[in-house]
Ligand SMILES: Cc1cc2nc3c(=O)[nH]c(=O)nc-3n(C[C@H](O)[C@H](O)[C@H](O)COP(=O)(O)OP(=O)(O)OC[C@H]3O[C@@H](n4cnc5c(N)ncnc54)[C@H](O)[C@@H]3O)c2cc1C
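Only one chain is given next, in structure tokens, and it is the form predicted on its own.
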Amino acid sequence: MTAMSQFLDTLTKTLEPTQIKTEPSDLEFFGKDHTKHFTPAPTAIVFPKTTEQVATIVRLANEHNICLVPSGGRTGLSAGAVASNGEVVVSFDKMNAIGTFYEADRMVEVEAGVVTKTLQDFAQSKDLYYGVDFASAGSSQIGGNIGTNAGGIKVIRYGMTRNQILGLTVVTGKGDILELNGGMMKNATGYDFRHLFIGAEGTLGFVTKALIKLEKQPVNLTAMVLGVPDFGSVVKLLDKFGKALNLTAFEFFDSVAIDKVLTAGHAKEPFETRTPFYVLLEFEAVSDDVLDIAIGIFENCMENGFIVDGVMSQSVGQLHDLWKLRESISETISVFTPYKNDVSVLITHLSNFINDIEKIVKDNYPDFEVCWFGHIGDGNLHLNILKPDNLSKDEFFDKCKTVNQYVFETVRKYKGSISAEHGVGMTKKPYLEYTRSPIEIEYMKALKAVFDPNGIMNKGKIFD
């Protein structure tokens, strides 16, 4: 009997039959995420229901030298949840309970498999707000968000996932259960291991529960969509509106993005004028004075040529309609098999950075269509190169990979990050050195050896 057979046979004594799946369709479904670079090839999928069951799975995996891959909503874009080498996938679909709500602390305990939108709805039911939001909120899970330190459209106001996590329950690579920080805002008692597991992509251990900080509900959210003549003006608008208003979002997208969204019928034309770039900004209009300030800035920027045209929401319905212009982009361009790069630099460098990248892309891919969008308010840009019809997926990806070196050299030039919010996984692993120094990477490997001495936890992700 092979080690894998022994492992699965032992698990059947601990788990119910419905908690282990080996059918080819299940292996295909649970063995992949949204990336298309790697072929899923897991051996089995297991569905723990408790932290203790996760610990049992990990301990048995150590005994039999079986590698494990965590699986949440599988919405990732860096192949961090892809099982391509016969691993066992640990799915958190059955660990999806919302636990204790701590009203006085504005905090709630959730299991790793809770869907982001479910947590958002729970917060709203308590007249509170969960500040992490993005296009995949309806399917992404909290454990995966923590594993990649997910960001999204509200980072300018609420920060990354890291900023919402007050406590964690984790199972380390040894199978130990750690309860980290206990939800306290202030806890000055040595190393805070909680932050090691946030963004670690399951390479140190698996998050099973989290204590999540909830915020006050925003008041009278109002959006403006602005047509902008050049990217330099986008940055100027961030400065002017950001200084005067309490922004909850500041997004941008280009003419290619809006053309695709409008052609697909996912949103309505915001105004008649077409411009090279667009800004969507959102703020709390807590009074008429705030609205007057916003309109005053708009008029001043129009006079100075930073804005060509614009519109402001007058109702909740119009607010949602304007957001469709931005939130529909990823879904719309997915049919073009985009090659994605998720990078960030300081806002100070944004204009020069995007000019450098556009020149690289035009020089190397003059016939490729390029779509830009991103979270300008926190320096995060999404570069999407769209596949032409005359190339296969593999041919297209190979061509795109040849320019990665130039893109990431530019990221390093501006001391930015090759992955702002999607993680490293396998797709960004070859380029980690463009953001992290060799010494940093060695320290990362040393930490992994402490928490996962046998190297079974999401092996081959972030680094080898």
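Computed from a prediction, not measured in an experiment: that's the story for all the values here. In this text, residue numbers run from 1 along the sequence as written.
Another form exists, predicted together with this ligand; not displayed. Remarks below refer to it.
Asker: Given that the partner is absent here, state which listed stretch (404 to 412, 32 to 40, 434 to 442, 45 to 53) has heavy atoms within 4.5 Å of this ligand in the predicted complex.
Answerer: Looking at the other structure, the answer is 32 to 40.
Asker: Could you work out which of S233, Q120, S313, S140 is the residue within 4.5 angstroms of this ligand in the predicted complex, going by heavy atoms?
Answerer: Here the answer is residue option S140.
Asker: Pick from G167, G152, G227, G131: which has a non-hydrogen atom within 4.5 Å of this ligand in the predicted complex?
Answerer: When this ligand is considered in the predicted complex, the option within 4.5 Å is G152.
Asker: Taking heavy atoms only, is T248 within 4.5 angstroms of this ligand in the predicted complex?
Answerer: So T248 does not count as contacting this ligand.
Asker: Answer with yes or no whether T148 is in contact with this ligand in the predicted complex, where contact means some heavy atom within 4.5 Å.
Answerer: Taking the distances in the predicted complex, the answer for T148 is yes, it comes within 4.5 Å of this ligand.
Asker: Considering only heavy atoms, tell me if G377 and this ligand come within 4.5 Å of each other in the predicted complex.
Answerer: No, G377 is distant from the partner.
Asker: Should F277 be classed as touching this ligand in the predicted complex when contacts are defined as heavy atoms within 4.5 Å?
Answerer: No, no contact at 4.5 Å.
Asker: Suppose contact means a heavy atom within 4.5 Å; in the predicted complex, does that hold for all of V108, L180 and I212 with this ligand?
Answerer: No residue of the spot touches this ligand in the predicted complex.
Asker: Output the sequence-ordered list of residues from 83 to 109 with at least one heavy atom within 4.5 Å of this ligand in the predicted complex.
Answerer: Going through 83 to 109 in order - heavy atoms within 4.5 Å of this ligand in the predicted complex - there is one hit, F92.
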